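So this first bit is one chain, no partners, the form predicted on its own, shown in structure tokens.
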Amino acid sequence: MSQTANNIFAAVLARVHAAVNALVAEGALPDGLDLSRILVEPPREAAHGDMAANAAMVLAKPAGKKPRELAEALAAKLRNEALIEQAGVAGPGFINLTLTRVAWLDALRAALAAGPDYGRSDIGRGEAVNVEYVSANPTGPMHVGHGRGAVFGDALANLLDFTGHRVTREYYVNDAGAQVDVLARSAFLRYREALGEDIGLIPDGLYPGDYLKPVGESLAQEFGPSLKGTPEPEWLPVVRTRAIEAMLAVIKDDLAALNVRHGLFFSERSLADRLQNAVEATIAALRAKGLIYEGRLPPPKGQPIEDWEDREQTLFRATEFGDDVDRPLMKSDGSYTYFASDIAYHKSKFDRGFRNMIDVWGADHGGYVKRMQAAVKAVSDGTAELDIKLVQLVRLLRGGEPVKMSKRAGEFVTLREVVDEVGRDAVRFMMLYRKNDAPLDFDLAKVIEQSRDNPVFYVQYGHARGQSVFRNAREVLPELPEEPTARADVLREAPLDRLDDPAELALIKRLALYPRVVEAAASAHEPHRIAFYLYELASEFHAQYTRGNASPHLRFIIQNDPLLTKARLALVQGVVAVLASGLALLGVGAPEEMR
């Protein structure tokens, strides 16, 4: 099924394009107009109709026409389209469209015919996209903040896949640098403890959590006391490797509990081990382009710059690509900066064929965004794009009170503890029920409430309620198939013209909005739009169900009218299918029943 066939907004946009082309053919408009900026959207006010088109506003100047005059000409063409009941012009040149009732009923039939593919599109055209998310240092179990980035990145990857992109889900393993040496020393302390030594209090600067005890015990089993008497330069690389492997196993297990899985784990240490040092090779390539020089940075004005030093150093010309200052690539001790490694890492993404890259970072990395985007422009000669999504902090509460630290982690509440307490679905939905760059209060008590105030319950209950309608409907329609696709095939042949209640038509219009919401969410890299939409759809469905309790003639099942029952069940089928589809994009389950 084509994208236009199951997306009524795309169908109307095609009609607007056709109207423009008709005016071009008549000589009323010049040839070669750029139609890509034309949008067909829901109007801000429902009184203005079903859709609004900006065609006249964006084409008037290149066409040499007055916007309102052009809008009137386009509206005249659009009034001849079978699916358009009214086409009017408002303000400086917006075209307001009202669709026929038949057009909306056909949209419901198209949704039922598309089944699980309803909302799927090919706007990505097979483009390769690299989504890098989580990338927590392998120094301990994941905390709730990591979980938000994990859920966001995973849902975004789902969305991009659903809209025709070729998605690689990547985890950048920060297994180089001082933090993994601290991990190794902390694990070595637990190794000594496992051998029976009283280690006392964990010294400042080492990781204090109990999660390293199993690592120490494993080291004791593998090596016995042999490491204990060797100097640090000998045991450090051995313990570091074992500790990183153990922590990555813990992280992968935590992610799996959240239903997050990556296709690729990319090691930072490998950059220095392959291709005779990829960092050096990347810097050499930038130097050949004239983008590396030796110089001094001026003292920072206003906000301090954390990597400013008053000395001659190796600098990247980041300001040529939109950054505020040029950036150092070498530390005073001659080692590379983290930024240098990050440039090489993103160069590796570019070399692997990615022209579209998305990084999901914690909010504390906000000051790093401009320089990294500058670096990607530099290594790709402007042919690659990096979108960085910052994920704000999560404040963990229980009944409005802050949650205490974890005994296991020593410094924070682990993600796994939260998932084990409230369940994967609650964690994933609530992490996405707010825009990624807004702080999130996650209340462990509220996310398990069975009320409208708990969005994940309310949406899942909408799906379960729809399934209960089908179970009850078999008293009137015993032949109704249980399998969703077969059921949808039967119900789309129902007499949908019997759906004449205004709230039923409003619910159909909400369903018809889904493909557009999916495309917009994927294009903007904003999966929270799906969560918001699902809550609105569930709210309308619950409201219609409740109206049937008060007014029996509005119920979905009418005992003495099987044809009307079929028509209303077609609407219910559309609701449960879209709820299931949207929940799947968010990585959340769609239960058949809830107790």
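Only a predicted model underlies this, so the values are computations on that prediction, with no experimental measurement involved. Residue indices: 1-based, along the sequence shown. Superpose the two forms; the largest set of C-alphas matching within 1.5 Å is the rigid core.
Beyond what is shown, the protein has a form predicted together with the RNA; the following relates to that form.
Interface membership of Pro439, defined by any non-hydrogen atom within 4.5 Å of the RNA in the model of the complex, is confirmed. Though the partner is left out of this view, Tyr338 does reach within 4.5 Å of the RNA in the model of the complex, counting heavy atoms only. Of the heavy atoms in Ser468, some are within 4.5 Å of the RNA in the model of the complex.
Residue contact check for Ser226: none of its heavy atoms lie within 4.5 Å of the RNA in the model of the complex.
With the partner omitted here, the residue from Arg120, Lys77, Arg434, Lys377 that has a non-hydrogen atom within 4.5 angstroms of the RNA in the model of the complex is Arg434. Between the RNA and the residues Gln392, Gln373, Ser218, Ser348, the one pair within 4.5 Å by heavy atoms in the model of the complex involves Gln392. Shown alone, this chain has one stretch from 378-386, 364-372, 259-267, 285-293 that lies within 4.5 Å of the RNA in the model of the complex by heavy atoms: 364-372. Contacts between stretch 532-571 and the RNA, counted in the model of the complex as any heavy atom lying within 4.5 Å, involve Phe532, Tyr535, Ala543, Tyr545, Thr546, Arg547, Asn549, Arg555, Phe556, Ile557, listed in sequence order. In a rigid-core overlay of the protein, Gly548 has its C-alpha displaced by under 2 Å between the shown form and the other one.
Comparing the forms between the shown form and the other one on their rigid core, the Cα displacement of Pro237 stays under 2 Å.
With the core held fixed, Ala570 shows a CA shift below 2 Å between the shown form and the other one.
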